[in-house]
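The chain below stands alone and is given in structure tokens; this is the form predicted alone.
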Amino acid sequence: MSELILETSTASMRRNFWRGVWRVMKRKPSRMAGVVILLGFTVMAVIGPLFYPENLPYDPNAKYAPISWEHWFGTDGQGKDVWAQLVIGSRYVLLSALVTGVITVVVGAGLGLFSGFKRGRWDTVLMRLTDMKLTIPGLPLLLVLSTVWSFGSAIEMGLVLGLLGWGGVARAVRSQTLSLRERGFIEAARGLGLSTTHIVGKELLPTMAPYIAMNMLVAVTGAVYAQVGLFFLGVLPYEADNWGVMLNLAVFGGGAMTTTAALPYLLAPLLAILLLTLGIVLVVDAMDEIFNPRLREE
């Protein structure tokens, strides 16, 4: 009977949670705009490249052609359409960022939840492991790895970035878990003798979902900056379509900083990164209010 009451209470909390999410999203139109932006980039990355050939055609007679209805962002130094390159490159950027976010959340949140709930020796061991991870400098390690690894696959890039970025999430989730651990519904679940897996997966995780989702979006943003920056600096070979490669070629190959001919080639990926970041920030704003009830407006 007690288990039935607990399950009913949990189901009611979940329904109220999703209703609250919808109210928070509707409260500010900018938040819905953020969702639309992220959905737009997702569609572009999944479907967009299907409309273009594997090797884009180029026209030597149309180098750095100006913006027109035929070429929305002009062409590059080989006469290739910049918009097509932007769409094709979005798949690598977003897929690697998504893989990074998933790995960061799965590893970081998993360790944080388990460590914060179990306490004792498990907590000590896992947090010392996390502290060791946080001391590893990410950028220098990536530069070293780039000498032996081309990162031609988006999944490879996301895997490496994810394994380098879970430490902060583990620490943050552990802190939240320590606070929730003493709540009444967790004490009731423990009093009923429910397993650790059940309590963490069915009680703690749904409560922590907004906070974990917010951390995932932040990890996605960091992954976009990291990979684009590596390709822009030229430390990775140009074996993948990427916005960072476009920035590198526009600045160092087309002289976009000194001439206006290659400026659209530079602005296209910059605007895409800015718009993607804006969408993530708007959604994170909603997640922040969902997670922190004190920020909810009456």
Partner chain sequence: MTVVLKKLAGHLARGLVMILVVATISFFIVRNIPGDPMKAALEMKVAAGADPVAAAQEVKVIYGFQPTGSMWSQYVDYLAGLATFDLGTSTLHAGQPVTEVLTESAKWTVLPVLLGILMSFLVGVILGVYAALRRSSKLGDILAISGSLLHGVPQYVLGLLLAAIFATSLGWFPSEGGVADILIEPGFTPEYIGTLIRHAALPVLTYALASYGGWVLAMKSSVVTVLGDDFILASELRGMKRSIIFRYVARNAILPLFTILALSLGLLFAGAVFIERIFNYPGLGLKLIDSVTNRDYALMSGAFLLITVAIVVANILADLLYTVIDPRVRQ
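Numbering follows the first chain given and starts at 1. All values reported here derive from a predicted model rather than from experimental measurement. In this text, rigid core is short for the largest set of C-alphas that superpose within 1.5 Å between two forms.
One more form of this protein, predicted together with its partner chain, exists but is not displayed; see below.
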* **Distance check, L270 to its partner chain in the model of the complex, heavy atom within 4.5 Å** => yes
* 4.5 Å heavy atom contact, T135 and its partner chain in the model of the complex -> yes
* its partner chain contact at F252 in the model of the complex, heavy atom, 4.5 Å -> yes
* Does T258 reach its partner chain in the model of the complex if we count a contact as any heavy atom within 4.5 Å? -> yes
* Site check L38, I47 and A84: each within 4.5 Å of its partner chain in the model of the complex by heavy atom -> no
* Heavy atoms, 4.5 Å, its partner chain in the model of the complex: which of 143-151, 87-95, 67-75, 100-108 makes the cut? Say which one. => 143-151
* **Rigid core superposed: V125 CA moves 2 Å or more between the shown form and the other one** => yes
